[in-house]
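Shown here is one chain on its own, the form predicted on its own, set out as structure tokens.
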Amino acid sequence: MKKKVRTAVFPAAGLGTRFLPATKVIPKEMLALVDKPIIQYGVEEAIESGIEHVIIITGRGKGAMEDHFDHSFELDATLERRGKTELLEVSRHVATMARISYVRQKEPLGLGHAVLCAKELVGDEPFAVILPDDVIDAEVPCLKQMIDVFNEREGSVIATQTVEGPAISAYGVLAGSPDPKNPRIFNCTGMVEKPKLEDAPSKQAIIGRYVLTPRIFELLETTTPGAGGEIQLTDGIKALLKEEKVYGYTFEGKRFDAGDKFGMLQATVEFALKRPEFGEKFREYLKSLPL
């Protein structure tokens, strides 16, 4: 019997230096996108995709994330006393939305090392990795789309988007060929990290979603650290490619890079416009600006 993808790992131990000074005391994953922290969008996507257990890889100064997904008895009691039932439901929902575990990454030794920190909790099962900075707005959750491909093809799946021109140099890029049966699936043979435009093996840029077999843990344990002593997830996946099938998947939806100031502004505007309670009012406000 095939094992189900039940667990999602969230690497969230980074310093968030691109958002200083805000991230001097606030984890970047806790910065608000409209009225929810960035990481909550990813956790909600995981739950809507059938994930039962969320593992957040944290670091020093990241306690606010644990507090956010925990019960706040003082806040709940105050809201209940004041009759703020809708807000009380919001607060309680955040605390009960998922079974969440936390693992401390004691040193910033790379994305591969962060994923490896989850090995004991994941066990011998396939699992997902969600990078909280990548917020994806999709009718069918991006991770759900990927799990469906994983179940169909029985191989690890990497989320991709098509990137044209010099911008491809900011991404990891897959090598391989489009699948003849499904144009959204890419049969991966390798990957290159941040290539020059002329050296890019394809236009398939890696986005922060992965569904991986547990074999990746053993391979990461033997991966040679690169620059800065970091263990890279892409190096582990390259080793996995020698043993198993790995697929790229061009998901349906729109991705926002909320780890970048401009991307965060774009996401804020577009998510705000979708809100029924003030979206139209916000749209009229934007139209009134002397742009």
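Start at 1 and count along the sequence shown; that's the residue number. We call the rigid core whatever largest set of C-alpha positions still superposes within 1.5 Å between the two forms. Owing to the predicted nature of the structure, the values given are computational and were not obtained by experimental measurement.
The following text describes the form predicted together with 1-O-phosphono-alpha-D-glucopyranose (G1P), which does not appear among the structures shown.
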Check: Just to confirm, R255 within 4.5 Å of 1-O-phosphono-alpha-D-glucopyranose (G1P) in the model of the complex by heavy atoms?
Finding: yes
Next item on the list: Give a yes or no for K194: in the model of the complex, does one of its heavy atoms lie within 4.5 Å of a heavy atom belonging to 1-O-phosphono-alpha-D-glucopyranose (G1P)?
Entry: yes
Note to self: Please determine whether A200 contacts 1-O-phosphono-alpha-D-glucopyranose (G1P) in the model of the complex, using a 4.5 Å cut-off between heavy atoms.
What the structure shows: no
Notebook entry, point to check: Would Q40 count as a contact of 1-O-phosphono-alpha-D-glucopyranose (G1P) in the model of the complex, using a 4.5 angstroms cut-off between non-hydrogen atoms?
Noted result: no
Note to self: Within 4.5 Å, heavy atoms only, one stretch in 215-223, 95-103, 116-124, 171-179 touches 1-O-phosphono-alpha-D-glucopyranose (G1P) in the model of the complex. Which?
What the structure shows: 171-179
Notebook entry, point to check: Which one of T58, S49, T250, Q232 is close to 1-O-phosphono-alpha-D-glucopyranose (G1P) in the model of the complex, taking close to mean a heavy atom within 4.5 Å?
Noted result: Q232
Next item on the list: Counting non-hydrogen atoms within 4.5 angstroms of 1-O-phosphono-alpha-D-glucopyranose (G1P) in the model of the complex, say which of M146, I185, L79, I207 makes the cut.
Entry: I207
Check: Taking L111, L131 and D134 as a possible spot, do all three reach 1-O-phosphono-alpha-D-glucopyranose (G1P) in the model of the complex with a heavy atom inside 4.5 Å?
Finding: yes
Note to self: Given a superposition on the rigid core, I'd like a yes or no on whether A167 shifts its C-alpha by 2 Å or more between the shown form and the other one.
What the structure shows: yes
